[in-house]
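There is one chain below, alone, in structure tokens, taken in the form predicted alone.
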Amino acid sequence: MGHSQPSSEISVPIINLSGIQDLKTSKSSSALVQKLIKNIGNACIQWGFFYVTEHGIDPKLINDVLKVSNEFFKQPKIYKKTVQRQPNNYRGYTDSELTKQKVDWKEAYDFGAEYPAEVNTLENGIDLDAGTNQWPSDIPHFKETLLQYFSEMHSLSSVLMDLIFMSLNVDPRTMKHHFNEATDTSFCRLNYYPVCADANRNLGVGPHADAGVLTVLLQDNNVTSLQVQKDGNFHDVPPIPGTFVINIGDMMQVWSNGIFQAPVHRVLANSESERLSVPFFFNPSYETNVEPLNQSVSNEHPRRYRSINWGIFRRGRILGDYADHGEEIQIYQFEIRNDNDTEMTPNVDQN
């Protein structure tokens, strides 16, 4: 394995979610829920990364997702390219995704909710995520397994987001309208990292922060390749059976006014073992304008960001990921640099 740095003993927190049943039954004042809110808030402040256990997702479904993912990636390239991404549809298969203008050592397959037809075109002309799922033929239970998993991940993400907002003293009900399984821009990805003979010169995925709100990651149980940056060093995030790895993204950093930092993370290439992972990216609707929430702004923490339209931001990031269009859009480009710098337009090229 290349790129390794000595990983210190500190490790990403593990949070038991067994208290979410109280949250779902409106007992949000219970001691269990209050402890959960505090633990998740602290994890978001200190790491932006945490594991969850006792999350309630059926282990059989998790195994089935890894099984159909493995079956897909084991097919010949000519088969996988029958569901290749197209310029007008970013769902499907790719083996040429970029991170910061460098090709990742991986293959991927993206899918999302099955949109009703009328959602496919949005008023502002941005329809990057509202593409059509391209389902490969001849892999039993592929489509139904992945759509069930998508729905379960959307529900789990909603609960995690509620807890994160509650840790900021924000009523999560005021944020729900940005997230709807039929119309938001959440999507799921199957990642396959082949064995890499020259692991020192390649990365599975280069260092980056996720663009959206939060990511729920399923890792297979064989290989430690994921690393998160903290205090200038990269730390291993090894797979722990029965857990998901959660990380917050850029939009949650902006909503929190920088109280939470979207963590930089990367995936090492491996010279001995292949690896599967399944990230679910929880993202709002295109119309959502993300700006620091009032509860996160104070005299001690003045407003750090201008309003960011998620549709425009998503478009800028996706163009950098799928083709080399120069520097990817980043939230630092929306930072307020002085008291007069509060206009609502980003200082970035949106073309």
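Because the structure is predicted, anything quoted here is derived from the model rather than measured. We number the residues from 1 along the sequence you see.
This protein has a second form, the form predicted in complex with a small molecule, left out of what is shown; the following refers to that one.
- H235 falls outside the set of residues with a heavy atom inside 4.5 Å of the small molecule in the predicted bound form.
- Although the partner is absent here, Y193 is a contact residue: one of its heavy atoms lies within 4.5 angstroms of the small molecule in the predicted bound form.
- Using a 4.5 angstroms threshold between heavy atoms, D210 counts as touching the small molecule in the predicted bound form.
- The small molecule is not shown here, but in the predicted bound form it comes within 4.5 Å of a heavy atom of P279.
- Only one of the listed residues (I259, L168, L217, L214) places a non-hydrogen atom within 4.5 angstroms of the small molecule in the predicted bound form, and that residue is L217.
- Checked against the small molecule in the predicted bound form, the candidates I164, I246, M251, L226 yield a single residue with a heavy atom inside 4.5 Å, and that residue is L226.
- Partner contact region in the predicted bound form: 269-277, out of 148-156, 169-177, 71-79, 269-277, criterion any non-hydrogen atom within 4.5 Å of the small molecule.
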